[in-house]
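One chain is shown next in structure tokens, namely the form predicted on its own.
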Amino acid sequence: MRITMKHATSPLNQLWTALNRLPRVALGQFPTPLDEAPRLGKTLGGPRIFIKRDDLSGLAFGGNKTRMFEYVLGYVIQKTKHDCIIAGAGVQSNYCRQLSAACAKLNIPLHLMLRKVRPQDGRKLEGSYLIDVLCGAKVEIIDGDWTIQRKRIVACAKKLRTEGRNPYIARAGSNQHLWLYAAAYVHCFAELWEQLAERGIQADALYMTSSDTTQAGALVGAKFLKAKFPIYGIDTVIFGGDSVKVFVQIARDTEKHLGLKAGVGRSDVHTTDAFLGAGYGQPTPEGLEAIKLLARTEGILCDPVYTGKGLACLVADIRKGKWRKDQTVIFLHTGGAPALFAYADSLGL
């Protein structure tokens, strides 16, 4: 379907108008490219494959969090009185890598509590951890689970407040402002929708690695624009509980804040943890094979924690015959390549 920008009341323009009302800071390079992967498609003997290159979003090796921080940090800067940020995740976190670069760009002090996922994490200054330190974040490496990490974050916030600072705790166990993270992927879907229309591409499916807000935001955009193709999310983190309910809650909260009546429901959510393997941050044979396949056919790099597992799902579906040669699928590349340097031993090269 060809999109026209002439009608101010079109769903696409309504969506852009809603997004443009939100505070935002410029951090990345958008729109990101939509590249065809012809050698990958030919090698798999399957459909046409296009890759939405959010790995090229332009901030410290890029990734999906760059979009998110444009909205989240836009809110923090323009709507609050916070003067520093605390966050926590795994040592090779893409989230923390891009947050470190964003805070450097915006001159905001950042404190990171990074949890070991593997015993060797934090022993070498490498991958995303290297970039965190290079960008000036104050980093503490933590042994233990997320509850211990959360206690350290709370202690850090308390200490900063006694020093007269007003820290903003970014996620790290808090669900505040999840809708802002999701809004960034409403934006991404609208961007993709325009690119598909401009090039006359009829998509049959969109695959993405997602644990919550990335997929929830894309669902809002897709449902509001009445996209006819499904979105498949590949989960790489186990949070427990009803994950579909979480997706729907985030999507509906995003709709409410944006003033959009998309109506995302449980039947719209297609998500699987079948490619998770042993857990978050643990490579899988299927994911590692997919990483090598994409690198050796298209020169595009995925990572073992997130995008490699998402790509593995797409590869498996094509090999099972889910998609015909005359169909077209999109893979949303959410970034993460710097983690490759910390997982070199796992690649078996």
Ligand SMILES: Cc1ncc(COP(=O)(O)O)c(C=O)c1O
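The numbering used is simple: start at 1 and walk along the sequence shown. These figures come from a predicted structure and were not determined experimentally.
Same protein, other form: the form predicted in complex with the ligand, not shown, and the subject of what follows.
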item	value
Segment that reaches the ligand in the predicted complex - one of 290-298, 63-71, 31-39, 320-328, heavy atoms within 4.5 Å	63-71
4.5 Å heavy atom contact, residue 171 to the ligand in the predicted complex	yes
In the predicted complex, residue 215 touching the ligand (heavy atom, 4.5 Å)	yes
Partner proximity in the predicted complex: residue 211 to the ligand, non-hydrogen atom cutoff 4.5 Å	yes
Any non-hydrogen atom of residue 254 within 4.5 angstroms of the ligand in the predicted complex	no
Members of 86-103 lying within 4.5 angstroms of the ligand, judged by heavy atom, in the predicted complex	94
